[in-house]
Each structure stands twice: as C-alpha cells, then as structure tokens.
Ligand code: PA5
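A single chain comes next, written as structure tokens; it is the form predicted alone.
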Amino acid sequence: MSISFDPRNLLASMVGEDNGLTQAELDGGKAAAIAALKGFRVSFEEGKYGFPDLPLNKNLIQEIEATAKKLAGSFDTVCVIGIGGSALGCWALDCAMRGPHPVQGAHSSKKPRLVILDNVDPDFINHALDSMSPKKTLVVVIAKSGSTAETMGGFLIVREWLMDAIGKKAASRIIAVTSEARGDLKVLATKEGYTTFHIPENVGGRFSVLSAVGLVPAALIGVNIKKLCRGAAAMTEAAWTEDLESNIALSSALHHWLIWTLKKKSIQVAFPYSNFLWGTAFWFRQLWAESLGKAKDRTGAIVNVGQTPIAALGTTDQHSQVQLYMEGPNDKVYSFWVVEKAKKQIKIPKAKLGLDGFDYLGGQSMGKLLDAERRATEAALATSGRPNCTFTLERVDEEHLGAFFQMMEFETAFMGELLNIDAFDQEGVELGKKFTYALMGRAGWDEFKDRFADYEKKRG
C-alpha cells in the first residue's frame, strides 16, 4: 500500500513568495505541527475522539461480515437512508470500489446495488421507490442522534413501503445504525427487532466512515471491509509519528495551514483525476467544511475561521472551472488526487485518418492522456502563481481507500489543533435543525418557533 504527498508546487520557488511557502516559513511551522500532533494525541487518549481506533475494532468487523454473509443472496438492492456523514461515506465507498454511477452495470442478488436516500425531495423519493422492489431490498437506516428529521421522515416512508409489501417480515429487512444508549431510532429498533449496530459516542458523523456507518453498507454490497480497515490501521500508525517525512497527514496539514493562513488561500479545490474518487471528493468536502468552519476558537474568541472546499473532477472540470482557477482571484490552493495504476488500461486505436487531431493519439493509452492532462494543469497553475500539491495513490482498492480516508481525517484533526478550534463540534448546523423541528411541529421546540416568527416579521 502506497500513498505519497508532493508539496513542491506549494513552494515559493515554484509559485513566488506572495503565493508559496519559503523554507523559513516551513521550518518555523514545524514546532506547531508537532504540538498539534501531541495535543490531538492527548485528546484521543482521554477518549474525547474515537476515529483513530475504528479500524482496529476486529469484533465489529467480524460481526458485520457475519451479518452480510447471512443475508447474502436475499436482496439485489441496499437502500441506505441517511444524510451528511451518514450517507457520503457510503457513496464514496460505492463509487471507489464498484465504479461511479451510472456505469456499474446490471445489479442482481449476487451483485446488489446501493441506493442512497439522502434528501427529502419528494420526486427523488418517489423515483427511488419505483426503481426498487420491496421484496428484494434491504434497508439500512443510519442516524447517530436517532432523530434527524430528514432521515426519520424518509425511513417512515420506506418502512411503510416495506410493510405494505411483506407485512411482519419487514423488520427482518431493516438494519439500524445508531447510538447505543439514546435516540428514538434505537427505541424503535429494539421494539421492532431490527438488526442493530452502534456508533461510538466519541465518533462524529463526518468521521464515521470506518464505523458501522460505512462498513455495514460496504459489506452488504461486497466490499472487503477487512482490507479497508487494514489500510486505515496502517495509516493510523504512520499518523502518530512526529517524522514529517513519513507522516503525510501531518505534513499536508502543516503545508495547508501555512498556505491558508500566511498566503490567504481561503479556498481548497479537491481535484481527483479519477472518476472512482469523485464520491470521495464530496465526502472530503463535508469533512473539511464542517470540521474547520467555526465562529469561535477554543478560548471563546470570535474568529469566523474556515477554508471553503470545492470538488472538481479531472479532466472534466478543466473545461468548466480551470478558466476561473487560472485567471480569477488567486485565493485558492489545489489538491490533486492521482491514481498511479488504473484498474484496467485502454488503448486509443491507430485509426490513420490522415487528420492530425486524431492521428497523434493513435496507439497511446487513455491513462497516458489522463496523466498528461493532470501534469499539464499542475504546471499551468504553478506557472501562473497558483499553488497546488498532489496526493498519489498506487491504485484504488480497499487498502488504499481506507488509508486515504484515515489520512484525511487525521489531517483535519491536526488542522483543528493548528487553528486552535474544536474540529469535532458543529454548532453552526444545529440552529437550522432546531428551526426545522419547530416548523414541523415537534414537541418541545416552541422557543425556536417564536424565534422563527421574529425572523419572518423582519422579512415583512
């Protein structure tokens, strides 16, 4: 398993001192990076944050594998009902391991597909239900709090859809992933006898892809979760070392912290040059935005800090976004994600049409063209003073993907330490949830109903 980080195009020698890092700036930041690692390690050892330990939970892995084996062949669709961290990791795993939609091919009981209900758009829900057979669908409902409005609403619809079709057998077709000791989903799961897996209290949704949240759907669609966790465990070991050469999570955190805070790059573009990593870019977008966008630092001071993450796909978005990236505001840093070895190469035929626009490509591979496009974009950005860096995965398989997820989660945790913020809370999300509860008539939320009424008065 091999993942590397190349920060050379973040350096002043490549993009100029206004936009790139000098050796003195890097040397000056190393002590802060080591302190960030030590600070996060203390919090982890105190039990505040649990994601580093997730890939080491062999009992959970065995339990999930046993459940998947028991149910294998009885369904052709896994319907996940969740939102945010309860959905994006599942989608990222599905795209990476089985191919992006809609090119996965026909599904069957031997090759079940994944359908994710992560929105409450009624047209979307109706079309999703029409595309599935209740007698061949296994439902996985995921909500740590056990009360997320979008998830609970969607689940009530799917639960009734199942019950109308198969009656009392519906409970045997439902798996719940939720907190062990709280929440209405846990109460219902116990009452109706769903197979249930628990989310550790010290693991937040966006850090939960290697918990039952991601592992249950992955195992059900045939992903080797042992290998996934093996790669993540190897990255965890590397992420605790103070050696910046071997700890790419810490090294990338240091470089991104400095380029953001010293060179005012307030936007990061995650730029995978692989359709199989496209889902992972959206997973990263939530991880980075929700973890690092904060109003206050740990002292309570108002800081309104945050780096906006954007997902772009190479080469597709060379033709939709790169004009802005090259000539627009120089407020961005670009993180290219590269896959060294494609799952299967494909050659361009030697058509010999006598037309230069075609003939020079003949006999070369699409992989070579993809690599040339990416290297050319890196060079064009750097030449224009636009800092960028590159993460290279040897291949897209379970071990590399598990390691890449874990690397980005550690990088995010280290960034929180460097910024002196709590990367694991999400108070900014909560107010909207509370207003939603009030508007939908949930008991106990009258205060927010009144506050929303005040807001409406101001609108006139």
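One-based numbering along the sequence shown. Since the structure is predicted, the reported quantities are computational estimates derived from the model, not experimental observations.
Another form exists, predicted in complex with the named molecule; not displayed. Remarks below refer to it.
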query: Proximity to the named molecule in the predicted bound form (heavy atom, within 4.5 Å), stretch among 205-213, 98-106, 70-78, 167-175; finding: 205-213
query: All of P7, K30 and H256 with a heavy atom within 4.5 Å of the named molecule in the predicted bound form; finding: no
query: Sole residue of G231, G279, G84, P200 within 4.5 Å of the named molecule in the predicted bound form, by heavy atom; finding: G84
query: In the predicted bound form, the one of Q321, T308, S145, T195 near the named molecule [non-hydrogen atom within 4.5 angstroms]; finding: S145
query: is_contact(Q426, the named molecule) in the predicted bound form, heavy atom dist at most 4.5 Å; finding: yes
query: K433: touches the named molecule in the predicted bound form, heavy atom cutoff 4.5 angstroms; finding: yes
query: E378, heavy atom within 4.5 angstroms of the named molecule in the predicted bound form; finding: no
query: 4.5 Å heavy atom contact, E290 and the named molecule in the predicted bound form; finding: yes
